[in-house]
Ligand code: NAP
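Presented below, as C-alpha cells, is a lone chain in the form predicted alone.
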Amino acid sequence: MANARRTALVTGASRGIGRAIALGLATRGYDVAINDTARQATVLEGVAKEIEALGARALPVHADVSSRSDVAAMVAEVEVAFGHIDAVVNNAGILIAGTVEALDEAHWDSVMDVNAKGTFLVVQAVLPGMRKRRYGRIVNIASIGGKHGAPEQAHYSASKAAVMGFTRVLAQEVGVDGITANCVCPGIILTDMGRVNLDDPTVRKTWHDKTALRRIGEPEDVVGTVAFFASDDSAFVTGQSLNVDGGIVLS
C-alpha cells in the first residue's frame, strides 16, 4: 500500500457539489483524486491547489465517465498514484431541460450516459481493487428528482431513479466483501446546474417556501452526509438513499 491515508475519487469535481465534497473530504483526512472532462482542466487544477492548501494530496484526472476506456484509464491512474481507492463518490452529472414531447433523443441519451451509465462504469472499474482489499465505500449522488421529478426533467429523473435502483442491487452484491454502497439525494442546491430551477425569482421563492428549513441549499450542505457514507461511521449502513434537501421530500 503506497499510502496509509484514506483515499477518495470524486467525479465531476471541478465545481458545485463535487468541488465541495472534494474539499470536505480533504479536511477530513483524505487524499483526493478529482475528476472532470479535459475541457475543465484549468478549473480542476484550481481545485487541486485548494485541496493541497488543506494539507492533503490532490490528483486531477481527466475522463468522460460515460466512456469505458476513459474510466479504466482514470481508475488505473488513481490506483497507481494513491495505491488504492477507499471511497468513490459518483457525482458527475448533467441536466439538459426539455419537455417529454419536445425532448431530443440525443439529449435523453447524453443525460442517461453520464448520470446512470457513468456511475455504473466507475463502480465497475473500482470494484476489483475494493474486493481485493475487502474494503470500500461507494457513494452515488442521486437526487430527490429521482424520487418525485419535476417538469422538463423526465430524463434527469429517470437517470437518478436508475442510480438509486442500481445502488440497492449493488449493495446486496458487494456487502460480503466489506463494501458499502449508498445514495445521497440532494434537493434544490445553488449550483450552476441547480440554477436551471432557480433563475426565475418566482420559482426560487416557490422552492424556498416548500423547504422546511426555508432556504435554498448550498453545495457545502451535501458534504457531511457524503463524508458519513464514505467513512467507517456508516459501516453498517448500505443500500440506502438519503435525502439532503432541507425538508422537501419527507420520507
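Residue numbers here begin at 1 and follow the sequence given. None of these values were measured; they are calculated from a predicted model.
Here the subject shifts to the form predicted in complex with this ligand, a form of this protein not shown in this document.
Q: Want to guess which of 137-145, 174-182, 77-85, 99-107 is within 4.5 Å of this ligand in the predicted bound form, heavy atoms only?
A: Going through the listed ranges, the match is 137-145.
Q: Residue 243 versus this ligand, in the predicted bound form: is there a non-hydrogen atom within 4.5 Å?
A: Outside the cut-off, so no.
Q: Is there a heavy atom of residue 16 no more than 4.5 Å from a heavy atom of this ligand in the predicted bound form?
A: Yes.
Q: Contact with this ligand in the predicted bound form for residue 56, defined as at least one heavy atom pair within 4.5 Å: yes or no?
A: No, residue 56 stays farther than 4.5 Å from this ligand in the predicted bound form.
Q: Against this ligand in the predicted bound form, would residue 65 count as a contact residue? Criterion: heavy atoms within 4.5 Å.
A: So residue 65 counts as contacting this ligand.
Q: Can you pick out, from 161, 130, 114, 125, the residue that has a heavy atom within 4.5 Å of this ligand in the predicted bound form?
A: That would be 114.
Q: May I ask you to choose, among 49, 205, 214, 39, the residue with a heavy atom within 4.5 Å of this ligand in the predicted bound form?
A: The option sitting close enough to the partner is 39.
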